[in-house]
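Presented below, as structure tokens, is a lone chain in the form predicted alone.
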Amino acid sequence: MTPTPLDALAALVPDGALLAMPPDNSLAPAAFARALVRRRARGLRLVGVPVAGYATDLLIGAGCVASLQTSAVTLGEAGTAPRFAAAVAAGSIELIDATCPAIHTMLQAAEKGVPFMPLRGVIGSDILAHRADWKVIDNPFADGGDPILLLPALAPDIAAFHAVCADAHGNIYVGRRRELATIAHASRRVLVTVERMVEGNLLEDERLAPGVINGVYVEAVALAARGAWPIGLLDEYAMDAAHIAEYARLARTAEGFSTYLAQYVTAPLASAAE
């Protein structure tokens, strides 16, 4: 698989796409999100798997997002995701509440090719009042009086994440973050940025193969050195806490967010670096 330029990878995402991304403690596609901002993506329907962070807040602030389904949006130690909070307060995006187990269960249903999967733990919560697509039935294998929640399969149009490396066959090494395999299997298309390309076939290495997503699921790969930055990446580099704090400070206001975009996202030097 020949690498695709980063901005060309972002161009593969149509406006209005249902786009799934992992959280900041996984393999967050930060450089890819910045490329989506540069291409002025619009109407994206984001899915935080199972929570959302920097990349989602950036896309919301840049006006790229129509809706968000997730269980939380956070910048971790830097606090609340400011552009998300402002958008919810203004009613400019649709927020679809979920829970972490629910997000994973819906993706697992799509991964397995079944229309729904059952889940416990949500019954009795207020969230059911706001999810008409979630159904409570009586457990058909019990004698009655045993309610169970049915969740519809969730098949994103596109899954996007950043990984350490890929090989020429499109196989992607994700290490211990095996939830990325579920996202890839559940989604119709998979777009990945990586730190580097490697020789050989990752699936032929017994030590690496358990942490590899088969290239049959991957549509395109782009090289993006430090593509998770300012988020950390496995054992490659740590989170840039100072930069996240700077983002949180600037993004508290629309004017500050514009300053951030101009300096780190849309400026010629910023885009050239990615």
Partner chain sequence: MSIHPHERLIGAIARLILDPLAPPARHIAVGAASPIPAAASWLVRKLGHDVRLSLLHRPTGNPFTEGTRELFDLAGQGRIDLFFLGGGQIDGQANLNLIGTGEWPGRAARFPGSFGSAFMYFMTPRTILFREEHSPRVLVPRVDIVSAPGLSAPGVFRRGTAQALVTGKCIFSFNATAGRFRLASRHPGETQDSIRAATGFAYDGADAPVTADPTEEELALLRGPVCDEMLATYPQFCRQVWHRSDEKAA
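Everything numeric in this text was worked out from a predicted model, so none of it was measured. Positions refer to the first chain, counted from 1.
Separately, the form predicted together with the partner chain exists; it is not shown, and the next lines address it.
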Item to complete: Answer yes or no: in the predicted bound form, does the partner chain come within 4.5 Å of a heavy atom in every one of Ala72, Gln108 and Glu204?
Response: yes
Worksheet entry | Touches the partner chain in the predicted bound form: Ala98 (any heavy atom, 4.5 Å) | yes
Worksheet item: Can you check whether Phe84 is within 4.5 Å of the partner chain in the predicted bound form, heavy atom basis?
Response: yes
Fill in: the partner chain contact at Ala184 in the predicted bound form, heavy atom, 4.5 Å
yes
Practice prompt. Using a 4.5 Å heavy atom cut-off, state whether Asn25 contacts the partner chain in the predicted bound form.
Written response: yes
Worksheet item: What stretch, of 58-66, 209-217, 31-39, 222-230, brings heavy atoms to within 4.5 Å of the partner chain in the predicted bound form?
Response: 209-217
Worksheet, complete the sentence: Those residues of 117-131 with a non-hydrogen atom no more than 4.5 Å from the partner chain in the predicted bound form are Leu119, Arg120, Gly121, Val122, Ile123, Gly124, Ser125, Asp126, Ile127, His130
